[in-house]
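We begin with a single chain expressed as structure tokens, specifically the form predicted on its own.
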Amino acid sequence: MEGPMRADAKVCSEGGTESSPRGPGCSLRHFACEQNLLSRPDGSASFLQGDTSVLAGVYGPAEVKVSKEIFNKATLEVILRPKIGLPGVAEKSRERLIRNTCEAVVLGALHPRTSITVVLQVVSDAGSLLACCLNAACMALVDAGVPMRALFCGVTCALDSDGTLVLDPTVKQEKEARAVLTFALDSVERKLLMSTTKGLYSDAELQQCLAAAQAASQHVFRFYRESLQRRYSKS
């Protein structure tokens, strides 16, 4: 899906993700993840991207209400709770996007007539919140042992007025950008699972952002592997 890029577009190269300091607007921020934090859910994870932090809990496969029962697969629900106040339109929109992504990878046919519920609590929002929510949901699903055909991750890109591409933007960079694009990608073939965009951009810039997100996803999946290796090597 990598189309021709604009000749005058400026693309920042990928920097380190796990422990490297953030470069001049062009690398992913520092990642941190901790699993099995909560005792009540079947799986849980806390995911940190820079100063953006999300706590996720997964319940299920469990009994489902008859009104929500699906005879040939599990019913997947996503609940996103903001840091302060009640969920609004923005949270409901993100819930739908996260649910669509999870449904694309979770093998729900293995658990028909059950429910799998993903609850996400925003701890702090310093930019790229949807991407952080996707990453927290994935690690919580892994911790719960929910069968999936692949892992997934979220990557957010921002385009400045002069066409400069910024990966994993902060709140300030998102407000100043003319376009913000978030992609969900799988770990097997880096296929696009979900995308959501805001602002103005050309077809070439869309392909450019997707290519940058696919390259950045390699760093996210490598962080997943290292995080899981550290956890299970202790036990």
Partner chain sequence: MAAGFKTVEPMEYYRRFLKENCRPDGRELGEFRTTTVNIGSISTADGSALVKLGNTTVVCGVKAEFAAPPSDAPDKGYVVPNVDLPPLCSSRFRSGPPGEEAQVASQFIADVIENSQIIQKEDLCISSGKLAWVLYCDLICLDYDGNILDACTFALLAALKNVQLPEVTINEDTALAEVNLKKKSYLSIRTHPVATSFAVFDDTLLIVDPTGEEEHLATGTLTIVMDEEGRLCCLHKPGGSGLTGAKLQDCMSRAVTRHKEVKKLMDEVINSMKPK
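Residue numbers count along the first chain shown, from 1. All values derive from a computational prediction rather than experimental measurement.
The next section is about a form of this same protein that is not shown, the form predicted in complex with the partner chain.
May I ask whether Gly88, Leu192 and Asp203 all come within 4.5 angstroms of the partner chain in the model of the complex, judged by heavy atoms?
Every residue of the candidate spot has a heavy atom within 4.5 Å of the partner chain in the model of the complex.
Counting only heavy atoms and a 4.5 Å cutoff, which of 109 to 117, 124 to 132, 161 to 169, 94 to 102 contacts the partner chain in the model of the complex?
Looking at the partner contacts, the answer comes out as 94 to 102.
Hey, in the model of the complex, is Thr197 touching the partner chain, heavy atoms inside 4.5 Å?
Thr197: yes, in contact with the partner chain in the model of the complex.
Check whether Gln207 has any heavy atom within 4.5 Å of a heavy atom of the partner chain in the model of the complex, and answer yes or no.
Within the cut-off, so yes.
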